[in-house]
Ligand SMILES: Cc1cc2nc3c(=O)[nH]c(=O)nc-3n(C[C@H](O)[C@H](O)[C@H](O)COP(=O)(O)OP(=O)(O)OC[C@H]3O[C@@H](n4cnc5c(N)ncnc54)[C@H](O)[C@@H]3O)c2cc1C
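Consider the single chain below, provided in structure tokens and representing the form predicted on its own.
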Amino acid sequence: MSVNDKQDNREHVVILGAGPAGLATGHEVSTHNSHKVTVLERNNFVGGLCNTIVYKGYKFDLGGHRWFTKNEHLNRWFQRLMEGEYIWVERISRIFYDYKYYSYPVSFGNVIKNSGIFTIGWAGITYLLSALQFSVFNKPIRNMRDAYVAQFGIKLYDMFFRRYSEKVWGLPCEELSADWVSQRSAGLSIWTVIQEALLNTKTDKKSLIEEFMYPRDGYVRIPQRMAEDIENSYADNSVRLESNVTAIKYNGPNDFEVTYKTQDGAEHTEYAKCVVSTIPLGVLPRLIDPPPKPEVIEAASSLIFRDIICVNLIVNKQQVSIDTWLYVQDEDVIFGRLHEPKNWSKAMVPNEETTSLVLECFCTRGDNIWEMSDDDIARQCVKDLENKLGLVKPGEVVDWKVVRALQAYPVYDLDYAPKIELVKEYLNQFEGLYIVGRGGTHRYNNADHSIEMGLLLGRHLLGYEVDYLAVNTEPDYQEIVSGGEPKRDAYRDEACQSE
């Protein structure tokens, strides 16, 4: 590439990764002709973890992804993007615990029915003891266990939070940070549940639990639509698949060379003013020249991810259950969560006479589950469905497709925060380099969080003063709208009305 070619690309934004955050950044930047956008993706598909697998006419999301957000500006953006392609879905979820089914969110009446009045009484006593410890005597909350026990007491924690959390993360709750518990637990405390269930108190808070929006033909349609818009905006914009980034050279402020290899082994270089990385935060420092100090590499390398294996089943049955999700607590069941795509959208199956299931097996590369063959994992899942959950009969599962995904869940261990700060301190010296997304920031984002971060970063690159890293930092429960949420930027289409 000549010097003139390099100078022509001073407004070039190169985005590393075609997941929801990277594509959202490119989508927003593409609303102006002042920037050229190039997205580099190592896979042969867009979407990252928001992929939808098609097998024999059945569509399987890589785990269950729903669209919900407290930000109405973001909802309107989604509805514009997916106009004519999204549907509303009623959410019905349950918990499978100790070979019994419980409603989710937790209902006292349901717990009494399944476990008896003694269990409820013991749950109340343990909650009062926890309240004394954490509220009256100010016992510090040191980890995930403490956070859950402070909210619900030891009994309900053990029934509905410990087992599933440890299944997902692969670590004892005592070794996990409490940072995100308030966002992810279904209610602010046991007292909130008692007030609403037993005292019939009213609340002016809007719940996001009961229904959600969903792309009719699978979640991958969201990143596909963003990629289509990026490439259709301007002729020189591109989303390049099977392009694996191997090096990022920093020549000075807003002056980068990004090297990548294509499937044929050829090496290419893109010159950019800005580089937006969704590459896992633990990997990014190892690609940058000049390289970091050893302590930065050590901190980055020790950021932990949890992997996932999705066992996608074709079932010769019209419907397995009415659940949107089923959370499986019991440790002797190999999978931790399942959903039935047909309950989300009838377009996810090729006919009305059959259905399908997605079973999520949480694991870590190299552990016992990961080392099992695809067929062995699938057979064990079917066996558990038949013998432990009783959802299918022998012979009803007629086929399967197993999909593995690395680095699915960033793990919040007790030391993760200072490690991230050390890595970010190193990255902040490179003017024009930005991190975004679940893996890119090592933040447990939902898809809407990653898209919102990307859109706001795009606004920032266009010259607006917005804090894209503030997304998904609020401590309140994510599925309740209280009316006090921060008002974020309205994104390009609505912002133009006042410009």
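Numbers for residues come from their place in the sequence shown, where the first is 1. Everything quoted here is computed from the prediction, not taken from an experiment.
Same protein, other form: the form predicted together with the ligand, not shown, and the subject of what follows.
Trainee: Given that the ligand is left out here, which of I308, L357, A272, V397 has a heavy atom within 4.5 Å of it in the model of the complex?
Mentor: It is I308.
Trainee: Would you mind picking the one in F96, W325, F134, W180 that has a heavy atom within 4.5 Å of the ligand in the model of the complex?
Mentor: Going through each option in turn, the one that passes is W325.
Trainee: Heavy atoms within 4.5 Å of the ligand in the model of the complex: which of the stretches 461-469, 56-64, 426-434, 28-36 has them?
Mentor: That would be 56-64.
Trainee: How about N244: is it within 4.5 Å of the ligand in the model of the complex, going by heavy atoms?
Mentor: Taking the distances in the model of the complex, the answer for N244 is yes, it comes within 4.5 Å of the ligand.
Trainee: May I ask you to check whether K70 falls inside a 4.5 Å heavy atom distance of the ligand in the model of the complex?
Mentor: No, K70 sits far enough from the ligand in the model of the complex that none of its heavy atoms falls within 4.5 Å.
Trainee: With the partner left out here, check for me: in the model of the complex, does some heavy atom of Y219 sit within 4.5 Å of the ligand?
Mentor: Y219: yes, in contact with the ligand in the model of the complex.
Trainee: Would you please decide whether K342 lies within 4.5 angstroms of the ligand in the model of the complex, comparing each non-hydrogen atom pair?
Mentor: So K342 does not count as contacting the ligand.
Trainee: Sequence order please: the residues of 23-57 with a heavy atom within 4.5 Å of the ligand in the model of the complex.
Mentor: L40, E41, R42, N43, G47, G48, L49, C50 sit within 4.5 Å of the partner.
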